[in-house]
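Only one chain comes next, encoded as structure tokens, the form predicted alone.
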């Protein structure tokens, strides 16, 4: 297969305008005749559904939660980037574009990133019009704060609840369309297969999670906005329900999966506290604005932090990266935290932690200022750890947070299956090998509000689609396949729980395909995952039935997909013989321990095709060309 990104010709700053002008439009009166299926109701899914509904399309929106307000987008804390330059500190669309390409270690597609930077300025206006309560300066103007990977302040925020406020804005827009009848919501409904007729995405098979009933929904286009796959690691900052199933089932129907090994470790999370912990808690990257990160200079120094004098502390990020200090990108901060802990200088009982200390900021600004900026985050930390961060430093350690890989899409966000579009974290398109903080919310809303409504409409206007119903052989085959999968999981009657398999799988992937990877470890992991997957299909115990609420059955299907994804992640990481962004191969690093890319051999998107459960995947490469931001050794010193 040859991948065509369909990037418009001409100057990059005019590409999106040219693309929009060249697109075919659907007559307003005809839009009511077309149905669009949107899977997911987070920022990308809710904004896409609301926008398509407002245009007049018949939209069906599906989510496995009981309400779109429970989408994982609500958990985002720190902010959303936009090149407004309100601070007058040198920001611009081009600088945001540059920082994003550089932050992704030159493994993203320039045209998509530039469009994201362009759309960012409109996102803020859209959200303010919806009533999103962004933080404001004393005079009433919107204010900004800094985030990692940038030397300007471009991050708009609503205390530590930015994701929640943005999602509520998109939710209100969505519910407005529900009330007008253009959008129909299907909560507690999970997509279990994609229906592809004559090479085009025409519908989905779903399961009602309350009744167990299987349904088929047809449409002229399908939009997947189902989030990322970080829960393959079991312990992550993602909501427990977050999964890869919608994307993976589409992948098995022919949608290529791109860069699966590009996963992001967030440096600012509460450390693991026990073997049976079920998830990890994120502390916003915004804390790195005023918090200073350090560890003791001496190995094994277990004194309380207040008893360690300043000259015996190693502010290692400030020492190694004087230009950016504590605001280096997430992959750099995470690797450095792991390094000092591996040296034996980590803090806490496990030694897997570093201090995030606000004492200097409190002395300089006063506790009230810090409380005003981060109060809800400090309260959350204290409730979880029973430690007062105003009095003692926070303890943090890196954790899995975001996934840059996802289904491959072209410039129009269409996958390799015509009619299947992918938005937000579910696609691979904008972040390369590392996402800059505060860019996830930006991409989700850019895709949903400003790209999908154009590109889906263009597809519909250019497509001649025959009517499809449940009697079609392809539809019957898809429904039968879902029924058989459910029956198989319920009939194994083994001795191990789904969670025990998931926990073991996650440890394998974290140990060998986490913060650092080696060829030897990845080969070992592939073998271990295959063995564990075989045992899963022989020894998993899924109690209950498929005809009612059964959360064990839900989890079993998702973990089955995680097994196949985890294997592909390791294959992809083994194939990429370089270090870049969040993909750190220990064999490929500079003398001072930074990631060492191989632009000559690996400047491409790795898009993998599915060939069956026991067959090796097929690699297709999309070459990356850099005309505006030339690749160089990434330096934040």
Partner chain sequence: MKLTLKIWRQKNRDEKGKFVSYSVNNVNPEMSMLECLDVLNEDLIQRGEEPVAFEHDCREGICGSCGFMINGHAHGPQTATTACQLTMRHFKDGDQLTLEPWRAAAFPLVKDLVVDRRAFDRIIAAGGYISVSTGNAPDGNAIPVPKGIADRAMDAATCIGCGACVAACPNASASLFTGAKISHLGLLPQGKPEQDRRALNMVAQMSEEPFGGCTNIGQCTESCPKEIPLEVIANMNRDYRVATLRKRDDLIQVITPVTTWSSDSKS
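Being a predicted model, the structure only gives us computed values, none of them experimental. Numbering follows the first chain given and starts at 1.
One more form of this protein exists, namely the form predicted together with its partner chain; it is left out here, but the text below deals with it.
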* Heavy atoms within 4.5 Å of its partner chain in the predicted bound form: does residue 64 have any? -> yes
* Is there a non-hydrogen atom of residue 564 within 4.5 angstroms of a non-hydrogen atom of its partner chain in the predicted bound form? -> no
* Is the gap between residue 368 and its partner chain in the predicted bound form 4.5 Å or less for some heavy atom pair? -> no
* Decide whether residue 171 counts as a contact residue for its partner chain in the predicted bound form under a heavy atom distance cut-off of 4.5 Å. => yes
* Structure fact -> Among 72, 109, 335, 102, just one has a heavy atom within 4.5 Å of its partner chain in the predicted bound form, namely 72
* Structure fact -> Exactly one of 119, 77, 528, 326 comes within 4.5 Å of its partner chain in the predicted bound form through a heavy atom, and that residue is 77
* Structure fact -> Partner contact check in the predicted bound form: of 312 to 320, 406 to 414, 381 to 389, 255 to 263, the stretch with a heavy atom within 4.5 Å of its partner chain is 381 to 389
* Does each of 418, 424 and 473 have at least one heavy atom within 4.5 Å of its partner chain in the predicted bound form? -> no
* Asked: Of 112 to 144, which residues get within 4.5 Å of its partner chain in the predicted bound form if you count heavy atoms?
  -> 125, 126, 128, 129, 130, 131, 133, 134, 136, 137, 138, 139, 140, 141, 142
